[in-house]
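Before any questions on binding or motion, here is one chain by itself as structure tokens, the form predicted on its own.
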């Protein structure tokens, strides 16, 4: 029970900080002071203090979208270890549940967008679902590579202490998996170069156009869920890059949180030095990552 509470506490308290670090990094690259690191916490608090506003033309589907978007990352976080900290729940095949939990969240978000009847939100839903479908094989191939190296089908085993030794003999496939999963983190969290979370031009928006009609606490749940999703998916990359196990709980936790902060800085740097890709280039990029992750699997079968 203590491990479960610690897992949830770390997720709920730390996730918004990653958004603050990304914003601060981008401000630093632009030569600005930027918003405070804790600004995402104040934004969530401000949104929660407002009242719910729902159009009379929407149904329960529109209300369910933000709730599912908030709950799914919490459930997914219970299946994945935070660095060397074990996952609270683990069983053979949980990697399939992990991937399709986010698919369920995406379904409800897209359904909520379609429920508004807005053509712009429908356009965003189509784009989001298309790009996510193209990113899904990359995740599955990457997890199969890790399963091949660990001889297990539980995320706890895939991201276990054997990774330190695996880097010595299987550095090429692991390096490819890290690159592919980093790209998936950018796609799934609607970051540049695949999407721009700050854009307000409807014709180029993807995720943000889907949540235009949400406000107040509902928008807060969407933003909070997105922050937790970034932390949970980022945990895969952090664990692969920093497969350290000291045996000391506080030190392992610090290593994991430090890795998540470095990942947030890296995302901020990528967004600062890269432009957004043209829309036709995104599927080509995602198909390329699928091929790279499949090639990583071939390398493990030699």
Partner chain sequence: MRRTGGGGAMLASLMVLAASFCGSFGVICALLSGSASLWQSAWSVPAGQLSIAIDPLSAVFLLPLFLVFALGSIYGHGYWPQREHPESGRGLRFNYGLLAGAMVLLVVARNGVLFLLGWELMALAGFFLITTEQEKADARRAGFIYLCATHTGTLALFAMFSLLGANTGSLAFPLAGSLATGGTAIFLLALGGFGVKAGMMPLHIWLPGAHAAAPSHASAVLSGIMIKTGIYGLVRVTSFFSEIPPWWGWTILIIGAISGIFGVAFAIAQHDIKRLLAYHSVENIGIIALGIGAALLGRSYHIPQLVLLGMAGALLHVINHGLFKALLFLSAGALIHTTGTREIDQYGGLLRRMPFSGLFFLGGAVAICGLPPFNGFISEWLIYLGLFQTVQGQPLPVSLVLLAMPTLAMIGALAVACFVKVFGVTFLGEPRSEQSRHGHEAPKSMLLAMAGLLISCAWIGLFPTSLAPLLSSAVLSWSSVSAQSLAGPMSPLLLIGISGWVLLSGLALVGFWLWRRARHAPEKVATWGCGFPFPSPRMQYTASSFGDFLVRLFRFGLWSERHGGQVEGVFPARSEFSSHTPDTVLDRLLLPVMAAAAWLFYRIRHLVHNGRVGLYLLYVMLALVVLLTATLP
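What you are looking at is a predicted structure, and each value in this text was computed from that prediction instead of being measured. Residue numbers count along the first chain shown, from 1.
There is also a form predicted together with its partner chain; it is not shown, and the following applies to it.
Put simply, of 85, 140, 166, 183 only one has a heavy atom within 4.5 Å of its partner chain in the predicted bound form, and it is 140. Listed residues 61, 277, 30, 251 were compared with its partner chain in the predicted bound form; 61 is the one with a heavy atom within 4.5 Å. Mapping the unseen interface onto this chain, residue 288 falls outside it, with no heavy atom inside 4.5 Å of its partner chain in the predicted bound form. Residue 136 belongs to the set of residues with a heavy atom inside 4.5 Å of its partner chain in the predicted bound form. Remark: residue 54 counts among the residues lining its partner chain in the predicted bound form, judged by a heavy atom distance of 4.5 Å or less. At least one heavy atom of residue 117 is located within 4.5 Å of its partner chain in the predicted bound form.
Considering its partner chain in the predicted bound form, the lone stretch of 170-178, 228-236, 188-196, 109-117 in range is 109-117 [heavy atom distance within 4.5 Å].
The partner is not shown here, but in the predicted bound form the stretch 71-93 reaches within 4.5 angstroms of its partner chain through a heavy atom at 71, 72, 75, 89, 90, 91, 92, 93.
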